[in-house]
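Just one chain is shown here, as structure tokens, and it is the form predicted alone.
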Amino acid sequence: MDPVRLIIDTDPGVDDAIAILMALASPDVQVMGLTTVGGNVSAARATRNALAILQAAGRSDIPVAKGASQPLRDRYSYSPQFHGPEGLSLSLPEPESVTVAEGAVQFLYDQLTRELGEAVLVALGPLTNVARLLWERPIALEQAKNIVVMGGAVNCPGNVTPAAEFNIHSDPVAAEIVLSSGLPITLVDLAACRQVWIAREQAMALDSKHPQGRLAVDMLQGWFRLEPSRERFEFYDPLALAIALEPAIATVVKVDLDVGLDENELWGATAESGGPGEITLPMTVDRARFFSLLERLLELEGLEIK
């Protein structure tokens, strides 16, 4: 079988890092490149983190293109309280490699139009780069084999406001552009992500002799060490990556969504419009299958999910 060709748009982020390492560890995946965006951290820090993760994983050959440093409206709020001030739970060496000359939008266009119908775009941060690509080169995303987005809180509470999830809340204008485009998008929202989690005790017992697996374990355990009160880690971005690789991990429905753009408590909210739609929304996640994939890719030892 031909490998799954992935482009990952990311704002690393501990959970982004684990998702990237899953992709790198898979023998069935070709990571065509990373594009970066502000969100969990600044775009400059996200870019540095992406390069550092690839270097630490021995994959500095994979290109990184820097993307948006500001959302389409206002500014990114960042998330140091969750990821730490530098975005990662480990201090990785300064990367020796640099970004490619073209920015994220041009890089996405080049890759998607070169691999007609073959590339899967996995968006793990705010959708600013993806929305700009739709504006500037609308034909490019039509060439994607699939588009998987981590974001939204459709039928559940948000994690930034009662109604909004962080990625969509960071740039709801971009999210509205992307989610109303009519493109076939899978939106992995908080309701799905909260079904796959690991407790502190379980995480601290993990080990791996696989290079990327060891780095992922260190990231996960480091996240718990950042804050002693943390009791569980929810696999947001790793679930989106897993669904990109194995869509059958979750049962799904088709929905149409509205994104809240009023600057009030509904800013960045995602709600079903009530009409038929083209957005694929995961509902029930097969926990056993997700953790089996995680364990297999990262060669985890000591994984016991209750």
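Please read all numbers here as calculations on a predicted model, not as lab measurements. Numbering starts at 1 and runs along the sequence shown.
FYI, the form predicted in complex with a small molecule isn't displayed, but the following is about it.
Student: Within 4.5 Å of the small molecule in the predicted bound form, counting heavy atoms only, one of 91-99, 195-203, 139-147, 159-167 shows up; tell me which.
Tutor: Checking each option against the 4.5 Å cut-off leaves 159-167.
Student: Report yes if any heavy atom of L112 sits within 4.5 Å of a heavy atom of the small molecule in the predicted bound form; otherwise report no.
Tutor: Close contact is absent here: in the predicted bound form, L112 is far from the small molecule, nothing within 4.5 Å, heavy atoms only.
Student: Using a 4.5 angstroms cut-off on non-hydrogen atoms, would N40 count as touching the small molecule in the predicted bound form?
Tutor: Close contact exists here: in the predicted bound form, N40 approaches the small molecule to within 4.5 Å, heavy atoms only.
Student: If you check in the predicted bound form, is L124 within 4.5 Å of the small molecule, heavy atoms only?
Tutor: Although the small molecule is absent here, L124 would touch it in the predicted bound form, with heavy atoms inside 4.5 Å.
Student: Is it the case that L190, even though its partner is missing from this view, gets within 4.5 Å of the small molecule in the predicted bound form, heavy atoms only?
Tutor: Answer yes; at least one heavy atom of L190 falls within 4.5 Å of the small molecule in the predicted bound form.
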